[in-house]
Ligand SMILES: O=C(O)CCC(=O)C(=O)O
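Take a look at this one chain, the form predicted alone, written out in structure tokens.
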């Protein structure tokens, strides 16, 4: 879906008005020198500044869910490839998260006014007049104890500290379904089912956990290994441009072995710096449930799933 220059400028000015620090970061954080310098400056401020201690409350005291994970190896893989594997949630945590999903409203297109129960998805689609590709849950941090436990997990925080090179800051959780539907190009673009890279901070990364089995055709996450800071380029300015990329552009730019479909069983997890080129595939067989936890240097208030309860409405 093409967006005109005037439409882009309107979005920029609207974003500057509502989220000035986030919008300015998204411009400056695409430059390699600043991505290197800002963490250094932050570390200096945290070390010598007044009131500098920043930590995830309880992270140093919680027992880990990942006793077999070597945090240093995971950090090394993240730095080299942009992605690191090997995480596995205990079965009881997967069951609790699935129970939360089964018993709470999710929201079509991440719209707080479009809530529905999973069993009522067909009715919700009739009310919306369209198929639902993505449905997200809100307020998981305040409503789901398993999400909080993962945020505080000492091994996950050790990985975050090692990769960010600074005291990690948790900036948001997201839990969402992706359904096997004949999605429009507009929905695939809106929900990042086209290749792209994220600019969420000067340094950031995410943990992803599958809560359903994900085989070929089930909406696997796709990552281009080692592509951080190396986007497909048609001209020089594309190095700093943030846009969607076609499959052809990606296949022409990178070796086929670098474009990796990440499949797995319910409970399997991985860490990824989504400054890499990546996308979610549109499922054709079974729906996918995914939990994302994001850590960064700064919290711009843009990544979290917290919403005012009064704003959450069920489709009638």
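Quick caveat: nothing in here was measured; it's all calculated off a predicted structure. Numbering follows the first chain given and starts at 1.
Below, we refer to the form predicted together with the named molecule, which is not included among the displayed structures.
This chain lacks the partner; the member of 100, 170, 163, 176 within 4.5 angstroms of the named molecule in the predicted bound form by a non-hydrogen atom is 176.
The listed set 239, 79, 130, 196 contains one residue whose heavy atoms approach the named molecule in the predicted bound form to within 4.5 Å, identified as 196.
Partner contacts here mean any heavy atom within 4.5 Å of the named molecule in the predicted bound form, and among 287-295, 62-70, 33-41, 251-259 they occur only in 287-295.
Although the partner is absent from this view, residue 105 stays clear of the named molecule in the predicted bound form, with no non-hydrogen atom inside 4.5 angstroms. Proximity of residue 279 to the named molecule in the predicted bound form falls within the 4.5 Å heavy atom cutoff. Taking non-hydrogen atoms only, residue 118 never approaches the named molecule to within 4.5 angstroms in the predicted bound form. When contacts are judged by a 4.5 Å heavy atom cut-off, residue 88 does not count as touching the named molecule in the predicted bound form. Contacts with the named molecule in the predicted bound form, taken as any heavy atom within 4.5 Å, map within 200-221 to 206, 208, 221.
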